[in-house]
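Read on for two forms of one protein chain; each stands alone as structure tokens, with the labels structure 1 and structure 2.
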Structure 1
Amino acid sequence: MTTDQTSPATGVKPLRADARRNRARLLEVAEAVFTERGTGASTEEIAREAKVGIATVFRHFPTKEALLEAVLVRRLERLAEEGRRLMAETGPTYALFAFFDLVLDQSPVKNAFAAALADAGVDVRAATSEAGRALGEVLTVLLDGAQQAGVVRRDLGVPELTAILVGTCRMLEHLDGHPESAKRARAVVRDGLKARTGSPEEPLPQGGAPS
């Protein structure tokens, strides 16, 4: 089957190789522009930076919101890829904490993209559901590996870890402009995740925290 044929599984004609390259290039440029200049940057600015006409941008992304949504999804997909890479390259002893730091470092930009989409009336959770599931799967593997290695407390589940990540991101936003305080706060959170020497925690029962 050539790239110009319609997929029998989806009924959608796949993009040609050059169109895929153009779309990837636009996403790369758009991410850089939105990150550097804020989500108020226009599609015209992105077209100029990508050295294409505005019609090319709208051919791939009919609205600015569609472009911003695609950028956010791609960031989440890359984050999942980084989690898998960390597990493969650093092993379970270090991978979860490295991923934790990566999520915190990328959170301000991700949250800004999500807030702009929400302000435009986009259901961000629905738009990023597939990428979010992939991230959840990666987090499950990383947490399980860290617990099996004995470096993270065993009574911690993915729902609690996710909540801790979200809360820590918000805490760091509150401490923006106070780098030393933010550094200490991150250290406190990391220490709270670590397994207690000589006092193994019991794993939480399925479905949440004990009553």
Structure 2
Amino acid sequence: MTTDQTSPATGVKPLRADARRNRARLLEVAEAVFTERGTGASTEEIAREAKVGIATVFRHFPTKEALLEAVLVRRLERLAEEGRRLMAETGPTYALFAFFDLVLDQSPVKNAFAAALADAGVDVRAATSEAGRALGEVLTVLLDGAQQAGVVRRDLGVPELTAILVGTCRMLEHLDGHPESAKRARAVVRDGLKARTGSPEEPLPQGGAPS
């Protein structure tokens, strides 16, 4: 809805029909392949799976990195979309947690890929910033709502929230195939996010051992 995924950008180019089809299919297939085999998957494999020649891949995405980027942006856009939907449908008290659950319920590999992008050393940050900012705005709304409703501690901002979400994804990867453990581990994070009801500063150890 936000940006037409089949056209490269707010258009300087009309792009032919088959080209549009191929581009869309490539994005689809690339996401699947990258999530399954990791970012190390070869462009040739993606081309084969998408039933196009290698040249076609590079025609649409001048470099492998660009393809990676495009896939990531697409995913971020979808997430922002879902966040907005949840906010509207679910209301401020539950929307943030619903969003967390939605992300975490996706297969671990699906989330793994997002993280895998980071260590690809890709300059994703720059190109992602636009989509990332949109998602950031959605998260801001979700977080604000939850904090206003008193269900999330107030010392958290969007950066912390994002990091916690990513970390939790990685956490669940390690518990794949053990749903009971995963449920308990998720409860830990969820409880940690909740507004502290007891004393604001508890006497638990912060530093390391007394040296």
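For clarity, a rigid core is taken as the largest C-alpha set superposing within 1.5 Å between two forms. Numbers follow structure 1, counted from its first residue as 1. As the structure is a prediction and not an experimental result, all values here were calculated from the model.
- Here the chain appears twice, and structure 2 is the form predicted in complex with the DNA.
- Residue displacement note: L143 has its CA displaced by under 2 Å between structure 1 and structure 2 (rigid core superposed).
- In this overlay on the rigid core, E173 has a C-alpha that sits less than 2 Å away from its partner position between structure 1 and structure 2.
- Core-aligned CA deviation for A98 between structure 1 and structure 2: less than 2 Å.
- Core-superposed comparison between structure 1 and structure 2: V73 shows a Cα shift of 3.6 Å.
- Relative to the superposed core, R59 moves its CA by 9.0 Å between structure 1 and structure 2.
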